[in-house]
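Only one chain comes next, encoded as structure tokens, the form predicted on its own.
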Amino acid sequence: MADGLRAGTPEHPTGHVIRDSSLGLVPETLPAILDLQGAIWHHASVGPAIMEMLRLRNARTVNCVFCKSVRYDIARADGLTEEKVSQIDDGYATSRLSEREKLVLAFADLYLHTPDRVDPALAEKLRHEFTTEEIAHMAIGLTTFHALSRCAVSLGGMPESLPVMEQSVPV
């Protein structure tokens, strides 16, 4: 998409990460988006660190500069370190991440790339490690992260790169 066709960002920044993104160009949708984000993060049955791993794996998949740079405060408080974040790449299967964390990333890849072709062995491992509620929560989180990052990438307004920055979970 040519830069001239991108939507960009609102004319007047507010200091709020989501409101100042291209999503802020349609402010009437923001309350529902923010409510969904809050529910995902504040009621994550798998915990914020796992949700952040899913979000970051999606960010790499979509190549969202902003999403790759953000670290949410509650995920860090839940134990997600930069050392773990550095392993959320294509070599995660042979990384030092725990088997549970590797399984979370395998779930993200399955969900984002081939949701119609679930490997029976992976499905069994997921059902053994996670409850159906946890699997559903991870899927809803990924759906939301994927939609919002794709929107941000396609509508533009992001710089080429950003430093790692901690953000509070949107309320």
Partner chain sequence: MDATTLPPLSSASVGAVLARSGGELARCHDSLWAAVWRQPHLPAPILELCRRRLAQLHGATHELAASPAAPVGTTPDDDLPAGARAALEFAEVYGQDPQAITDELAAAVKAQFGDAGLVALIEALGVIDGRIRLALMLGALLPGEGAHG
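All of these numbers come straight from a predicted model, not from anything done at the bench. Residue numbers count along the first chain shown, from 1.
If you look for the form predicted in complex with the partner chain, you will not find it shown, but the lines that follow are about it.
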Worksheet item: Ok, Cys67, Leu105, Leu126, Ala49: which has a heavy atom sitting within 4.5 Å of the partner chain in the predicted complex?
Response: Leu126
Discussion item. Is Val17 near the partner chain? Define near as a heavy atom within 4.5 Å, in the predicted complex.
Written reply: no
Discussion item. With a cut-off of 4.5 Å between heavy atoms, is Leu162 one of the residues that contacts the partner chain in the predicted complex?
Written reply: no
Fill in: the partner chain contact at Arg57 in the predicted complex, heavy atom, 4.5 Å
no
Fill in: Any non-hydrogen atom of Ala7 within 4.5 angstroms of the partner chain in the predicted complex
yes
Fill in: Arg76, Ser95 and Val169 all contacting the partner chain in the predicted complex, non-hydrogen atom within 4.5 Å
no
